[in-house]
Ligand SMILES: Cc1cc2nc3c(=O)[nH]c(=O)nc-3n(C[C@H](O)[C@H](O)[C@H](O)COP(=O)(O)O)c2cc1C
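Starting off, we have a lone chain in the form predicted alone, written out as structure tokens.
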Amino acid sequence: MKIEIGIERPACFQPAYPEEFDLFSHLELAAAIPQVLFAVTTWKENGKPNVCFHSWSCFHGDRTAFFAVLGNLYQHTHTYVNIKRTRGFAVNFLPVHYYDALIETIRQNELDADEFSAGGFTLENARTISAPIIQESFLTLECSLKSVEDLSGAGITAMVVGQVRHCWIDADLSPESRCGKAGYMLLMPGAQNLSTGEPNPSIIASLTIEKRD
């Protein structure tokens, strides 16, 4: 049996917190598609470093270029404003044991806050763009702003596309190790119980190797 969910939120769907359905589509919580978690870093207008713990994105390109596509960046955030002003941002991938530190950068995200200090991260300067980068990351992508598009037209979120100009890769971490707890951190949004409508907590996960192709 399959349950069908349309563009109208089912009446039984309950939010995990009061503003959940103001922030997210009920279809996202019904689908609960895992995505990689990472930190977007930029400079605030006052010179303080900014950290945005983010997901909802993809990374791809062709033989001419490689792109970071931030698919759901809120337009009211420091990060969105910073990217439009500086025309650049860095994407920093950290393993799951940094989760609590990254959450701390959400708790301390005022304009005057040094969010690197809030998370206990070591700041380095990007090589090709105007942005700070996290030294503890096992992979960092330096991106210049390519385009911005409001997909829904509602002025809430934007799809921000950056062209990758430079990579920092930890040579001590093998490709296989990036699939373990020292590698990529994944978010599975809190999957709604499709029968009762009850919410579930989000899942934070790491990858395991099941097969080689």
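So that there is no doubt, residue numbering starts at 1 and follows the sequence shown. What you see is a predicted model; the values in this text were computed from it and never measured.
Just so it is clear, the following notes concern the form predicted in complex with the named molecule, a form of the same protein that is not shown.
Task: Site check Tyr98, Ser137 and Leu173: each within 4.5 Å of the named molecule in the predicted complex by heavy atom - done: Zero of three within 4.5 Å in the predicted complex.
TODO: Would you mind picking out the stretch of 123 to 131, 138 to 146, 103 to 111, 87 to 95 that comes within 4.5 angstroms of the named molecule in the predicted complex, counting non-hydrogen atoms?
DONE: After filtering at 4.5 Å, what remains is 103 to 111.
- [ ] Scan Ala182, Ala30, Leu187, Val69 and let me know which has any heavy atom within 4.5 Å of the named molecule in the predicted complex.
- [x] Comparing distances to the named molecule in the predicted complex, the residue within 4.5 Å is Leu187.
Open item on the list: If we define contact as a non-hydrogen atom of the residue within 4.5 angstroms of the partner, is Trp43 a contact of the named molecule in the predicted complex?
Closed with: No, Trp43 stays farther than 4.5 Å from the named molecule in the predicted complex.
Open item on the list: How about Leu37 - does it come within 4.5 Å of the named molecule in the predicted complex, if we only consider non-hydrogen atoms?
Closed with: Flag for Leu37 set to yes.
Task: Contact label in the predicted complex: Trp168 to the named molecule, heavy atom within 4.5 Å - done: Result no; Trp168 lies far from the named molecule in the predicted complex.
TODO: Answer for Cys52 alone: is it within 4.5 Å of the named molecule in the predicted complex, judged on heavy atom distances?
DONE: Looking in the predicted complex, residue contacts with the named molecule include Cys52, since a heavy atom lies within 4.5 Å.
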